[in-house]
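Below you will find one chain, with nothing else, as structure tokens; this is the form predicted on its own, and questions on how it binds or moves follow later.
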Amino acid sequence: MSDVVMLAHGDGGALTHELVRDLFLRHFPNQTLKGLTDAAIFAGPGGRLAVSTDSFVVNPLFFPGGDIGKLAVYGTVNDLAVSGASPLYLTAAFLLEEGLPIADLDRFAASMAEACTEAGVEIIAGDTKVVGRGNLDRIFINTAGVGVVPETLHLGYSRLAPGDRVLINGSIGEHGMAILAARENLAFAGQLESDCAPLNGIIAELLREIPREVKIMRDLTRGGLATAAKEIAVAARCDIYLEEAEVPVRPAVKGAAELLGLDPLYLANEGKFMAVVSAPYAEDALTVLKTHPLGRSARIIGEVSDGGGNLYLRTPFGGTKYLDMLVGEPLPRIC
């Protein structure tokens, strides 16, 4: 492990996993945390509960399609949703730099309130801290969320089996490319918009229709589709094959990524998730996703096979590429 913290330790890729595995898990050894899922699921007095926490440091604070306030709500809601939970309550802690315009803070709070209404959750506790000028970059937000998980729902890596299908609810790379274009004032910024959205509605519909056939879900934030799929393959001790021709990428994102030498498979998303579903029900799952506004571009993009934790991309030309986790975030402070 490196002697100092680097930006890449926060990219959600290989160095993040190293930091969590070799440092944090060493100090906080328990079975709940060891699962390293998007939310911790445990037995509560009235049933199963899910808890998740996240911090948001995005730059710029306002971007096409959203802002740090909306992102803070949706990010935590989505972590709960892909864990099978119905999100209920959030907490919000605001770390503020002296000199932040009150008008901006008001806009962030209003945006969070609007996002809570859309996602059907409430902020019920919070905290505010202010530091001197130069000790923070304007505003960071930490949120924690609580949700309930049905007793009959059991998602997990151990449920994956050869032949299972991989689905995604829409096109990838939009959030990462929108942030990059806005941050750098690129000429094509006006063509790009973040996909920032709450996923609990579309996921609830999927679980309502085929609750026993959904094996596991992940939202595709830092590290993008490729990193999330690799994490699942490693944890489930299987191989996953993605079909490049089936992975949806909007022309504006694809063109911008090619121009900048970036791979959309590794770009962050804030309104996309992947689900692994048993093969006989894959088409049913696809139909459910396509009937929701956030799933109109849903696709079946791959399948699970026997293996030892590898991720492969089948190209339209008949070749196969090996994919690994992201190493070195091309765009820090993405969420």
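Each residue number is its position in the shown sequence, starting from 1. Worth saying up front: this structure is predicted, and the values here are computed from it rather than measured.
What comes next is about the form predicted in complex with another copy of the chain, which is not displayed.
A.B. asks: Counting only heavy atoms and a 4.5 Å cut-off, does another copy of the chain in the model of the complex sit next to every one of 261, 304 and 322?
C.D. replies: Not a single listed residue reaches another copy of the chain in the model of the complex, so no.
A.B. asks: Residues in which of 293-301, 306-314, 53-61, 275-283 have heavy atoms within 4.5 Å of another copy of the chain in the model of the complex?
C.D. replies: Stretch 53-61 is the one.
A.B. asks: Answer with one of 148, 161, 210, 186: the residue that has a non-hydrogen atom within 4.5 Å of another copy of the chain in the model of the complex.
C.D. replies: If I apply the 4.5 Å criterion carefully, the residue I get is 148.
A.B. asks: Which of 96, 234, 204, 153 has a heavy atom within 4.5 Å of another copy of the chain in the model of the complex?
C.D. replies: When another copy of the chain is considered in the model of the complex, the option within 4.5 Å is 96.
A.B. asks: Report whether the minimum heavy atom distance between residue 10 and another copy of the chain in the model of the complex is within 4.5 Å.
C.D. replies: Result yes; residue 10 sits at the interface with another copy of the chain in the model of the complex.
A.B. asks: Even though another copy of the chain is not shown here, does residue 241 get within 4.5 Å of it in the model of the complex, heavy atoms only?
C.D. replies: Outside the cut-off, so no.
A.B. asks: Should residue 287 be counted as a contact of another copy of the chain in the model of the complex, where contact means heavy atoms within 4.5 Å?
C.D. replies: Output for residue 287 is no: heavy atoms all beyond 4.5 Å of another copy of the chain.
A.B. asks: If you check in the model of the complex, is residue 251 within 4.5 Å of another copy of the chain, heavy atoms only?
C.D. replies: The answer is no: residue 251 has no heavy atom within 4.5 Å of another copy of the chain.
A.B. asks: Across 1-29, which residues bring a heavy atom to within 4.5 Å of another copy of the chain in the model of the complex?
C.D. replies: Heavy-atom contacts within 4.5 Å come from 1, 2, 3, 4, 5, 6, 7, 9, 10, 19, 23, 24, 26, 27, 28.
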